[in-house]
Structures are given as C-alpha cells and as structure tokens.
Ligand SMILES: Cc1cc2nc3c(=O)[nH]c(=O)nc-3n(C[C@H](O)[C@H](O)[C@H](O)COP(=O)(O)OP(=O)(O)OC[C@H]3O[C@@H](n4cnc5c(N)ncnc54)[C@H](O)[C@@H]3O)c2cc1C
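Consider the single chain below, provided in structure tokens and representing the form predicted on its own.
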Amino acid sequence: MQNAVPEARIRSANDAPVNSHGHFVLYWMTACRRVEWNYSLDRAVSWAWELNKPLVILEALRAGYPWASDRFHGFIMAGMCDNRAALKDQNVLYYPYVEPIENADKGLLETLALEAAIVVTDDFPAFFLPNMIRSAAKKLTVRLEQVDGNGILPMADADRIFSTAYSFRRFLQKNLMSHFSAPPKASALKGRSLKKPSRSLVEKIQKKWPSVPLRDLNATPENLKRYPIDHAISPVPGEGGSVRGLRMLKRFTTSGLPHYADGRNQPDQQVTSGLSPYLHFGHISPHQVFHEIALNQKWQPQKSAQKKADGRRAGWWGMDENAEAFLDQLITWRELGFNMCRHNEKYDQYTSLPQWVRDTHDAHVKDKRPYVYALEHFENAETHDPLWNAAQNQLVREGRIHNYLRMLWGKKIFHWSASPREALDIMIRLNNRYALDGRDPNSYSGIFWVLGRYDRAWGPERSVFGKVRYMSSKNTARKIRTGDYVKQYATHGRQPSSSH
C-alpha cells in the first residue's frame, strides 16, 4: 500500500474481510482526535486511495463514559470544532456525533460499518477504550483495524513490561532510531485526490443519529447542560483542540524550553509545556511535539545514532540540557506508561505493584498516621497543610497540578490515608474526576509511582512509607518557591459535592 503506516503500528481487531462492495472507508476517531500527524488517518487515507472510495470520519463523544463532565466534554468538543474547520474544504465527510442521552449511539457504528469497505480506528491501551474496541470488533462484519499513534516507539516493539525508567530508556536508546524514518504525515490529505464523498452516503443514518451543528459544538454552559454528564466539574475556559495545542507547543519551544531544566520544578516560572491534556485527548501528536523540539535544536538523527545506549537521562540525544530533560518526560516516562497498559490489563489495580512495594506496605499498614483524612476532606482541600490544599485547589479549578507538586500531592494522600489501597482509590478518583490528563497511561504512572512503581527501595525505612520514597511539604518548600503559589490557590473557588 502506498505511503503505508509501519506494520508494527497496525493490528486487526477481528477476522472479518475487507468489503470491496462497501461505499466508503470509515475512520472511527476515538483517541487520536486530530487531522494532522495521525497514523490512523494516514492508514484510512491509504485505504480510500487504494480502493478508490470516499473517506468518512466519525468522531463520536459518548455521554456515559466514566467521570463524564462539562470539563472533559468541553475539551473534546473544542477539538471537534477544530477538526470540522480543518476538514471543511477537504474531500472528506466529517461526521461529528455527540450522544444526547446515554446509549443513544447504540447501533451507530455497526450501521455505518454495514456500508463501509473497512473501518480504521485508534489503538489506545487504557481507560474504557480497549473494551469498547473489543466489543465493536465482535459485532462488525467488516475488517476493523487498530492503529497505534501513541508514541515514538510502537507499543508492539516492546514485548515485555519494563520495571524502571532506566531499563526502558536503555531499550529506547538501542531501538528508537529506526522509527524516525516513517513518522505520520504532517497532513495526510495534502496532495491526495480522494474520491469526493456525497452527503447521501450517510444521510439516512444521520436522520437517526444526527451530527452536531457547529453552533452546538461550542462548549458553552448552555450547550453543555443538555448532556447527562457531571455539570459540577466546570470546563477550563479556552482549553482544548489542536489549534490551541499547537499554539501552546510553539509558545513552549520559544519561551519555556530554554529554561526547562532549571525552572520546571518552580511553580512561579511558566516553563512547563502544558501539553499533557492535548496529548491525552489526541489533539496533538508526540511526533509533532518531537518535530518542533528537533527543529528548535537543529537536531540530526546521526547525533544520537553514534551514542552509547547506557540508559542515562542526558547526553544521548545530542541536544542541550533543556531539550534532553523534556524529551525524557515526553518519551521515556510517557511511553513507559503505555508499555505498562499495553502488557498488563491490571495496570490500574493495587496488585500490579511490584512485590517489594506490597511487602513494605504490608509491613507498615498498621503504623499510626499523623493525620487520616476521608475522601471528602481531600476533595474539598480540607487538610492541615496549606501547600497540599493549594495543589488540590489548582486541580479542581484548572484541571491540572504543577508538575513537581503533583508528586507531593500524591505522596501526602498516601501518608494521610488509612491504608495504601485506600490512598490509591482516592488518588485515582480525584485525578480522573478533575485532571484534564487523567484516565491516561502517563497519569496512572504518576499515581503508581507515588506508591513505589518504577522506583527503588529507599532508606532509612520510615513509618507508614516503609521503603517507599518519602516526600514532605517542608522539604518541598526548601527546594522550590511556594509562597506565591499558596496565595494564588488558597481558596477552592467552589466546594464540589463528593456524591457524583
């Protein structure tokens, strides 16, 4: 197939054949919600070209996904607005569907697939998406292909779970270079004369499942209140979409990246990228982010090809310390989480922790905690610690916590909960309910790192923590400037109900 996506990124979800009599190729957009730098779209375009059929893109938004709220709906709908604008003058039929009530979309995909030659979708290893794809695959009578666009390394190329960032980084340094030769297209539709789709292709289907008018995709309170989702979690104004994501990427490479190594842990310095929600919702591609960093650094692949694969965080890329520090987060740590989710379906369960971690937890589970807070106290930022409360307030208000303080946030939930299992439940609930980048492999990595995953045993052994790494607000305040941060986020802004 011309302009083929690397085979390592493609897998069939079922054994059904391609239907040569189908009227179009269907791209079911689920995780890579963008029209640029998208392997799934590349694959769908190649199929449409080879079969000489029009391309239909279904981007659907369910109402009944876990933790559905105005915040997440609004972010996704902003991306749908961008996609609609980007595809307006293309030979593609874009079908945005937002489910008005739970289960209203039942039958939509199957009905579309009956008219399709093949269905292409995104391969995402976490949240409800794997089960959704498996369920759909059983129902479709036409081939369903999944395409992995999650990272620079195809998930299939790492055939085992890596227990540390060091071991995974060493693996990447040995195996990553070959994958830079076939990135996704910056614009899959540019220069490709696809068969023009007719509106009649899905006209009958749209009568039962109407696409969303542009005016209704604007994430206003008026538009959002019509959906059966959690309206207590408000949207973050101005967030969401590929246009906004690219703007933030450009801003970061010019103003944040030059200070990243030294400033990323300081809350009062705006040097972090802020891209994790855009990566999570697929509004921007890790390949596009890497491309911008490489341009900024005038990087050439041979700079890394000649380096020794020693697993060190700095030096292998041949870039400056700021770029190398950022790429370690973007590639090593982020893709380490995808590695876990791909190979362990229990990635979000306590039993997935290493044995030494569970052993030290068990040895200290009856230790007296200095404070014990219930979920509602954590959720409402009602602890004794002003710095922790400020971090929780930022999460509720903005859907994010400053990178370094996010680690402290988790460590103190561990310290102040009745047990490690309860701490895990609280972290997952708060993170997944409020964080724009929650429900993501990278996000689960951060939560489980708090409990000991990917880390080593530390000494001296402490009460409650045992051999797990310890953090405190007092020590954090010595390392970073927190005074202005605490003042900025001293109040909650609103008191969320814990009943949702």
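Numbering starts at 1 and follows the sequence shown. In this text, all values refer to a predicted model and were calculated from it rather than measured experimentally.
Keep in mind that the form predicted in complex with the named molecule is missing from the display, and what follows is about it.
Under a 4.5 angstroms non-hydrogen atom cutoff, the named molecule in the predicted bound form lacks W416 among its neighbouring residues.
The closest heavy atom approach of S443 to the named molecule in the predicted bound form falls within 4.5 Å. In the predicted bound form, at least one heavy atom of N431 sits within 4.5 Å of the named molecule. Put simply, N403 is close to the named molecule in the predicted bound form: some heavy atom of it is within 4.5 Å. Contact annotation: of the candidates S242, S285, S276, Q392, the single residue with a non-hydrogen atom within 4.5 angstroms of the named molecule in the predicted bound form is S276.
Out of the listed residues F180, Y347, Y97, Y260, Y260 is the one that sits within 4.5 Å of the named molecule in the predicted bound form by at least one heavy atom. Proximity to the named molecule in the predicted bound form, taken as heavy atoms within 4.5 Å, picks out 433-441 from the listed stretches 433-441, 59-67, 29-37, 43-51. Contacts between 318-340 and the named molecule, taken as any heavy atom within 4.5 Å in the predicted bound form, involve F326, Q329, L330, W333, R334.
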